[in-house]
Structures are given as C-alpha cells and as structure tokens.
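Quick setup: one chain, the form predicted alone, written in structure tokens, and binding and motion questions come after.
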Amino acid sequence: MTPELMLDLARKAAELVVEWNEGLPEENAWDGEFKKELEDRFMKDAPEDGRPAMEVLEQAAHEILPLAARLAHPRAFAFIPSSPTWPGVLADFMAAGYNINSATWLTASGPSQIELVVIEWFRRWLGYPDSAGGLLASGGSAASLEALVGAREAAGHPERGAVYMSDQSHSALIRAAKIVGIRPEYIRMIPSDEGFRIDVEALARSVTEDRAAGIDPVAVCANAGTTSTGAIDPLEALSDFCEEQSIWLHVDAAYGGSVVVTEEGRKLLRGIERADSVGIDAHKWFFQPYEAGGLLVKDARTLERVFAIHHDVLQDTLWGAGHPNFSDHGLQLSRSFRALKVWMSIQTFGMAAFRRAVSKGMELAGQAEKYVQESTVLELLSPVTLSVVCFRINPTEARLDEEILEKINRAVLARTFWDNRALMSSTLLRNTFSLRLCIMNHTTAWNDVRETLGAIELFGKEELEKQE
C-alpha cells in the first residue's frame, strides 16, 4: 500500500472507533446473531483476488465488530466488563504497527524496559519487596498457570501434590492446577464462610489430613475479589498459615487487584504483599484493552529457574547480565508488547485519575447496595465489598418458595437482556440464583445504575403479578 492509502485507512479506522464509542450510550450493551445467519454471511472460500481495503474496513466495522457484548458500554454490568482508555487503544495499534516481539532484550530493548517499568509500578502498589519481579501475560488464566508452575517446582514437583482453593475460586485456577499435573482428586475446594471467603480452619484440616495420607501441599490459592461476589479472602490469616506450613500462597487478584492503588483498596487487600505470587489484570479494573494480565512473584528468580530453557537458535539473544529476556520468565516466546498501553495511559492521565476511576466503581456499588436494601422488591444476597452487587427479586411479604423465586429472577434476567439497554449476568450463591451487577466502567454514572435497577424492579413486579 502507498503511504497515502495507509494513512487514509488509519484515519477511517480511528473515525469509526471514535464514532462507535461516542454512540455507545444510546445503543444496547449487547448485540449478537445466530450461528446459521453468520455462517451464511461469512463462511465462504478465501478470495483469490482482493477488493478495496476501505470496503473491507467498513464491513468489519458495521457487520462484524458490533455483534458482541459492548463491554465499554456504561451499562455493561455483566461478568467482569472492560472500558479501555483511548491511549491504551492507540498503544495496541502502535505496538502492532511497529510489529514488536518482546520476547528478548535483543528483539525489543525499549519495549522490555517499559515492561520492567510497569512491573515495577505493580510491585510498588502491591507493597512487594525489592526482590519481586514478574511479567505481563494474556490474562488471569496464563498468570495462574505460570504461578502454579513456580509453586510446583518450589514444592519439589511431588508426585502426589495438592492445590487448595475456595469453592468461590475462578475456574482458571482449577484449569491451571490440572495443567501443571495436579490430579483432579487432589484439587481441594475448601468451603467458604457466610461472607463467601475461604474458611481457614477448614483449609488447615484439609492440609493436615492430606499430609497424614502422604499427599504434599503445593499451593493455596486465595481470592482478592471473587468474580461472583467480590469477596476477599482473609489474606493475612492465609499468609500466616502458609508461612507456618511452608506452602506457596498465590493470590488471584485478576479482578480486584487494581483497587490497591486507592487508600481504601490497600486496606481491603492488606496481606497481599506477603503472598508468593499475585495475578492481576489491567484489562479489567485498570481500564486497558485486552490482553493485559500480569504475574508478580515475591522472588523474581523463581520464574527464570523454571522457564529459562536455552536453545541454540536463540543463543544470539544473550546480551549479558542485567538485560532480561522475558521469554525466560513465562510460557510465551513470541510476545506482544502489552506494557505500552498501561504506560501510555498512566503517562497521559496520571495516577490521580486512575485512583478516582477505581474509587468511583466502589462508590457506585455502595450506592447500588443501599438502593437494593431500601427496595420493597429487591433482596440483597451478599454484602458489597468491591464493585459486585448480588441481589434478586424477593419481596418480603410475598413469601415465595425458592423454585418460584428462581423462575421469576431468570425471567427478569432474560427481560433485562432483551428489553433493556443494560447487560447484566447472574451467579449461584449457595445454590441460590442471584442477579449480579459488576460496576467498574469509568464512564458509568449513577443514573445508569439507578435506571437499570429501576427496570429490574419493574420487570420483577410484572413477573410477580403473573404468579398471582
């Protein structure tokens, strides 16, 4: 392509993305299409001859990209949404345009240094010691896997190893444990307490029983913000226990870890600095495009001892002491330049803006909690810790049985999905069906939350009338 055409296409792409984001509040937070329709439209042979690039760009913008959850929508409350900054988006564009492979210092010295800077920022926010280090990964799944590889090696790679986690833990931790060789019957799901936090006494009993049976503990996985309720495990008590028992402690902070940049968040996550490893996702509550996960370990040498495997064809990448190769620290050799979006966003807006944005999510969740508690139709199912609000339709005077309540709330979820601009999801809490809002978009206002809750109340009243 000529430089003129390249610039025309880049300008058009930027215009389309900006227009899309500006128009989001007036659109629904979700759109999609059935598989048969999309197969008929797109499942064709690869063309032998090309067509005008502008035409391809327009088709992608209008026929493909809109058919998805609009995770940057101010009323996207489902799962764990994401609302990236514009500098973060541009950083991904530039990193792709410069075609960076941040595998080694030789292939990417500047990008490698920026990744070191971003990891150092994370280290300081977490309160980790100077000995700590890490790398950026695709997300929490990769971070969990790399952490448990380190834990397995630290435990001496036992044949009968066990990993312990809460019954509220993310499925990524179970998957990671299986991949590193923990047999399914030795993945211990420890019950949680009334606040959906791991029961430390139950954990201690499980470890004692396993050791008596010749099973070796490999790691305890704690939650710094469960995805269902936002619950934070007792990190200080877990740190005490794991230190006494010489067991690796990994903290899954993919969702909640970013709150550590705020004063309130530091208090909530007290004890996280004592963990052996921490996983954190900047593409969640730190407002970056996917993928921007990260793993930090208390001893930076841990990862290199496990992942540094030298290969003849890479012998020229050795630059000497003090020049790290990130490919020696994790499972990827070829790696995109993930750190640039975090660096550019912070350089552009400053940390004060990020602190305000993170705090805003917690404040809106607190307001939503108060709204639910004062409602005559809604019932709060879990105390709000971070930014997740779990509740359901259940008027006190109705006295409905659980089967009918679940039917009503599932109907409300479906109606919110199809008949409202907002997107929300559900979860199960002690086998109780719960509606769930996750509020963490920096563009979300109280009006977005209030109107969504109001619509849920209205749908609930209409569904309740059907039961009379």
Ligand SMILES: Cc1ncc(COP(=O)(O)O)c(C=O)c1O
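All values reported here derive from a predicted model rather than from experimental measurement. Residue numbers here begin at 1 and follow the sequence given.
Missing here is the form predicted together with the ligand; even so, the following discussion is about that form.
Between the ligand and the residues 326, 128, 255, 391, the one pair within 4.5 Å by heavy atoms in the predicted bound form involves 255.
The partner is absent here, but in the predicted bound form a heavy atom of 172, alone among 377, 172, 207, 344, sits within 4.5 Å of the ligand. Of the candidate stretches 220-228, 237-245, 183-191, 357-365, only 220-228 has residues whose heavy atoms lie within 4.5 Å of the ligand in the predicted bound form. Contact check for 152, 249 and 302: none of the three has a heavy atom within 4.5 Å of the ligand in the predicted bound form. None of the heavy atoms of residue 317 is located within 4.5 Å of the ligand in the predicted bound form. By the criterion of a heavy atom within 4.5 Å, residue 283 is counted among the residues contacting the ligand in the predicted bound form.
In the predicted bound form, the ligand lies farther than 4.5 Å from every heavy atom of residue 200.
Within this chain, residue 104 is remote from the site of the ligand in the predicted bound form, having no heavy atom within 4.5 Å. For the partner-free chain shown, just 80 of 73-94 comes within 4.5 angstroms of the ligand in the predicted bound form, judged by any non-hydrogen atom.
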